[in-house]
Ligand code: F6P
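Here you get one chain, nothing else, as structure tokens; it is the form predicted on its own.
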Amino acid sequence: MKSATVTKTFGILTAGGDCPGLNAAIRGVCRPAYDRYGMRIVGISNGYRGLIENYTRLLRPEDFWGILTRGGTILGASREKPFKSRSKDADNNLGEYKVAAIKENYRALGLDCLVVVGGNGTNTTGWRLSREGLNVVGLPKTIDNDIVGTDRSFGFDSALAIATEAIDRLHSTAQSHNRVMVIELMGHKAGWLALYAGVAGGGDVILLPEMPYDITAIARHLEERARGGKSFSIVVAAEGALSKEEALLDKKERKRRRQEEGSPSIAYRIAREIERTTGMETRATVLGYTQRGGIPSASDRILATSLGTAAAELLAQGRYGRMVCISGNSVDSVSLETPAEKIKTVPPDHYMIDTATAVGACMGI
């Protein structure tokens, strides 16, 4: 006999960038929702775009069994942002149409709630849809670990392991050729991944978006290492890292200057600045989408599953407008307004920064 539930039918989508653990989260929501409560589950393809275009299908047990270890997402994803379209297209009704289509399809599908699995943008859109009258439950996923309201997001641990292995592999090349190696990791506005991977991989310089760097300080640190008999160095940089000079510019001017310089990304800019300042042979590596691919780590499988089952409980109780989260050692939930339009950045007094500097890493300042 199935347990009582407020939610009878819900839709589920994954949106934004892919990351390890999405399928584990889908399974975590759907198995108890189906097995324990007998809910009807509508899978929505390709994020919010699928809800706009009504690209959906009924999910059966065979769809979400056996997907725990699989990378990617069985539902597909997109970066469709219906409310952003609405704000940008003031002179036409494109954005209004997208939001209206979502609301219409939500009702036509007979949904009691929409479960959205994604990062900052996905949960922000979920919050905005809840203000439009839809019932929404959110799950936090991101390799950047930058969602406000949760201590951890699934995807981060897997990406951290990949980034750390890449740094480990660069050590042998750097040592063999007596070079400085600059590795660029994801993290446009928050440097959690670069900070943790930098410490785990023994990075000699770690550069974060939250701490604009001084190339003179970096050069001095690398030269001190060389004088101490250390013939190679590893620089770990978040993609959003910027110099103190760049930090004084607005976004448009900063973009223009970078285009004039011709460097495609931060790793190449830093490598060029190091060579110019120190004369040391320097190479750049951009890890790119490799960080988001592959199977989830054991930790991310557990986290995604725990968050998924907690979301199923919110559905059963009819507690909508919430995002499940990790708070300390407990699974909890917060209002969807909590993460909306916010970024969890690395605070300057975070213990990991002190950890990094205590073992000899330079933070670029």
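Keep in mind it's a predicted model, so treat the numbers as computed, not measured. Residues carry their position along the shown sequence, with the first being 1.
Another form exists, predicted in complex with the named molecule; not displayed. Remarks below refer to it.
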(request) Answer with one of 239, 210, 273, 112: the residue that has a non-hydrogen atom within 4.5 Å of the named molecule in the predicted complex. (result) 239
(message) Just to be sure I understand the contacts: of 244, 79, 220, 171, which is the one whose heavy atoms reach within 4.5 angstroms of the named molecule in the predicted complex?
(response) 79
(message) With the partner left out here, check for me: in the predicted complex, does some heavy atom of residue 140 sit within 4.5 Å of the named molecule?
(response) no
(message) Would you classify residue 292 as touching the named molecule in the predicted complex, given a 4.5 Å non-hydrogen atom cut-off?
(response) yes
(message) Is residue 187 part of the interface with the named molecule in the predicted complex - any heavy atom within 4.5 Å?
(response) yes
(message) Taking 4.5 angstroms as the heavy atom distance cut-off, pick the stretch from 202-210, 250-258, 174-182, 187-195 that is near the named molecule in the predicted complex.
(response) 187-195
(request) Using the arrangement in the predicted complex, list in sequence order the residues of 197-229 with any heavy atom within 4.5 angstroms of the named molecule. (result) none
